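There is one chain below, alone, in structure tokens, taken in the form predicted on its own.
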């Protein structure tokens, strides 16, 4: 946990009202970063398309050891001489579980911050937003296996615990999308929304099966693919030594000779991912990390508002038709 002072000055916003990610990432405190994004998002909307509601209890049950005594009904105790607990109606109108990639490939970035910085801020932003709506947020972090798991809750102190887990240094090496999702499917017993944040730069074999397993349990699944602009366009000018972040393999590359091949393979990978999402009816957003986080939050909330109707999938590159990861 950082001890350095946290500036309360809001970052400068563009004419659109959105914050440049490079400016946002200068805020070292993750929860403050998320708060700035959410407050900017709210200030730009007359009415949120997604509403929370007040918690109301629906019935009682007898007290058992381990129950929170704060929810004892003392008036009922006075009448019955027995202890009863107020049972809440699931306490939330949405249960959202964030699944965030902590593998080493996420540590890549050419903008002064990394894909990991952006992905964690996106996860923190969604969690903070859900908290303001009195909704439950949970978290799983992973690389080739699950690192941390925090069940979805709306409780005092829960948001802080989630932020601390998101802010932990990445310790992962290789990426596996299937094994962590298999574990998440086992852990999530209650229906909700599963938001998977990753660069998806890993073999997609088996991913379809695991996503289908989540969907079959009536979870709503949303995929956020976070990519650096250099990965989208491969606009390197000079020969250089490239190092695989996960395997450590070194390769001296002349960009002019490999760019076409790289883009072809990248496009094929992106096409496979998009087809997988389309087949399962899953929302996929491919985001260049130079794009404001408010856009990701806004598009996610639009998707929630259109729930139950066909959703048009689109990518958010740094410009129209910006690269192979997006659609014009």
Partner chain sequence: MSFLAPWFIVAGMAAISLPVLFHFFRRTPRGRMPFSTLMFLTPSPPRLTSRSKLENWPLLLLRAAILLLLAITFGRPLWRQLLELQNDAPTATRTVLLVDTSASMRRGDLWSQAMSAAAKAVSAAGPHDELSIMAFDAEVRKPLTLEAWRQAPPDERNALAQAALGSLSAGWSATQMDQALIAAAEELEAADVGGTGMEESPNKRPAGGAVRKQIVLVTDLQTGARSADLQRFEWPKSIDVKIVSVATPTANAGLHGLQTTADAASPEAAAERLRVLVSNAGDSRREQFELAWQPLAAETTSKQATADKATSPTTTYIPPGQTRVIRAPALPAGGALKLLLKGDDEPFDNCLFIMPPVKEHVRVLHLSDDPADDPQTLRYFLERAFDDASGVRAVKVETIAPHAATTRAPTPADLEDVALVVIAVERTLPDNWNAALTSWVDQGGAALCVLPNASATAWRALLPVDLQGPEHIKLSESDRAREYALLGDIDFRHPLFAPLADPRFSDFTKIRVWRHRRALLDDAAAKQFRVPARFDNGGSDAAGDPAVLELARGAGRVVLFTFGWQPRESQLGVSSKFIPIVTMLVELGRRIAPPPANYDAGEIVDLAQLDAGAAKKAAATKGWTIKTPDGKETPVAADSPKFTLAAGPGIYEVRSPVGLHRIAVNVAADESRTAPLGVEALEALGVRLAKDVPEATPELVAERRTLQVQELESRQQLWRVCLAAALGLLLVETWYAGRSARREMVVSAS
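Note that the coordinates shown come from a computational prediction; the quantities given were computed from them, not determined experimentally. Positions refer to the first chain, counted from 1.
One more form of this protein exists, namely the form predicted in complex with its partner chain; it is left out here, but the text below deals with it.
- Site residues 133, 285 and 302 are none of them in contact with its partner chain in the predicted bound form, judged by any heavy atom within 4.5 Å.
- The shortest heavy atom separation between residue 71 and its partner chain in the predicted bound form exceeds 4.5 Å.
- At a distance threshold of 4.5 angstroms between non-hydrogen atoms, residue 108 is in contact with its partner chain in the predicted bound form.
- Interface residue remark: residue 26 is not counted as part of the site for its partner chain in the predicted bound form, having no heavy atom within 4.5 Å.
- Although the partner is absent here, residue 261 sits close enough that one of its heavy atoms falls within 4.5 Å of its partner chain in the predicted bound form.
- Just one of 189, 80, 257, 216 comes within 4.5 Å of its partner chain in the predicted bound form, counting any heavy atom, and that one is 257.
- Per the 4.5 Å heavy atom criterion, its partner chain in the predicted bound form is contacted by stretch 197 to 205, the sole one of 155 to 163, 135 to 143, 177 to 185, 197 to 205.
- Interface residues of 251 to 271, taken as those with a heavy atom within 4.5 Å of its partner chain in the predicted bound form (partner not displayed): 251, 252, 253, 254, 257, 258, 261, 262, 265, 266, 269, in sequence order.
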